[in-house]
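One chain comes next, on its own, written as structure tokens: the form predicted alone.
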């Protein structure tokens, strides 16, 4: 079932110098429990697409169709974890519940289960500075999951991590998303990351961005993103995406 659909979405920016087209007739759909990766040249508008889906921006034309009208349809995870250093891990993960005035026993129980399941419960009274980079990203994801969104928007969430930590966190985040049966859209400039995590990859052209190609991957049988990187099909897929971006 299609959970989200973009239909001929365009976006124009206006300034004193005139009008600039950022996106042109972007169309794709996202199915329930699917993991989509969006790649494209630097500055082509990848993050802009997430902002449109999240409702931060409004399209100049076209439409975004959501198969749900709940207030917490979207959860957004940014490039940096944005944890508040003066709040404990527990105080950080309940932040969304505080803002929406949804602090209750049921939601607290759900969060405690997530912290236990993903190895963070013993750190709930610690502060972010006491955690590794990978653990901080897990905390950020659990904070995003607190309001139980149907679709997760991931805006280059691993870009601030060193390479080894990044590989481990990719596995962690992928595991959490699959276990919690979430639909995810990842924006990344890292081709390997996109191939190792996604079910499909959407390749964009330079600005004004259009959908150049959509590649369906069949690597789920290899399990974790780390294992996918070692499979025989990986290098072929990498070269295919690379050539599409270069051309």
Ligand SMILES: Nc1ncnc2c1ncn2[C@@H]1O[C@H](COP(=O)(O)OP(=O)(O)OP(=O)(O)O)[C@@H](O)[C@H]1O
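Each form is matched to the other, and the largest set of C-alpha atoms that superpose within 1.5 Å is called the rigid core. These numbers come from a predicted model, not from an experiment. Residue numbers count along the first chain shown, from 1.
In what follows, reference is made to the form predicted together with the named molecule, a form of this protein that is not presented.
Participant: Which pick from 184, 44, 53, 203 sits with a heavy atom within 4.5 Å of the named molecule in the predicted bound form?
Facilitator: By the 4.5 Å heavy-atom cutoff, the listed residue in contact is 44.
Participant: With the partner absent here, would 174, 193 and 242 each sit within 4.5 Å of the named molecule in the predicted bound form, counting heavy atoms only?
Facilitator: No.
Participant: In the predicted bound form, which of 175-183, 212-220, 34-42, 59-67 comes within 4.5 Å of the named molecule (heavy atoms)?
Facilitator: Contact criterion met by 34-42 only.
Participant: How about residue 81: is it within 4.5 Å of the named molecule in the predicted bound form, going by heavy atoms?
Facilitator: Because no heavy atom of residue 81 falls inside 4.5 Å of the named molecule in the predicted bound form, the answer is no.
Participant: In the predicted bound form, does residue 237 come within 4.5 Å of the named molecule, counting heavy atoms only?
Facilitator: No, residue 237 is distant from the partner.
Participant: Residue-level contact is defined here as any heavy atom of the residue lying within 4.5 Å of the named molecule in the predicted bound form; does residue 9 satisfy this criterion?
Facilitator: Looking in the predicted bound form, residue contacts with the named molecule do not include residue 9, since no heavy atom lies within 4.5 Å.
Participant: Report whether the minimum heavy atom distance between residue 226 and the named molecule in the predicted bound form is within 4.5 Å.
Facilitator: It does not: once the named molecule is placed as it appears in the predicted bound form, residue 226 has no heavy atom within 4.5 Å of it.
Participant: Can you tell me which residues in 168-200 come within 4.5 angstroms of the named molecule in the predicted bound form, by heavy atoms?
Facilitator: Heavy-atom contacts within 4.5 Å come from 189 alone.
Participant: Superpose the two forms on their rigid core, then report whether the C-alpha of residue 17 is displaced by 2 angstroms or more between this form and the one not shown.
Facilitator: Comparing forms between this form and the one not shown, the residue 17 CA shifts at least 2 Å.
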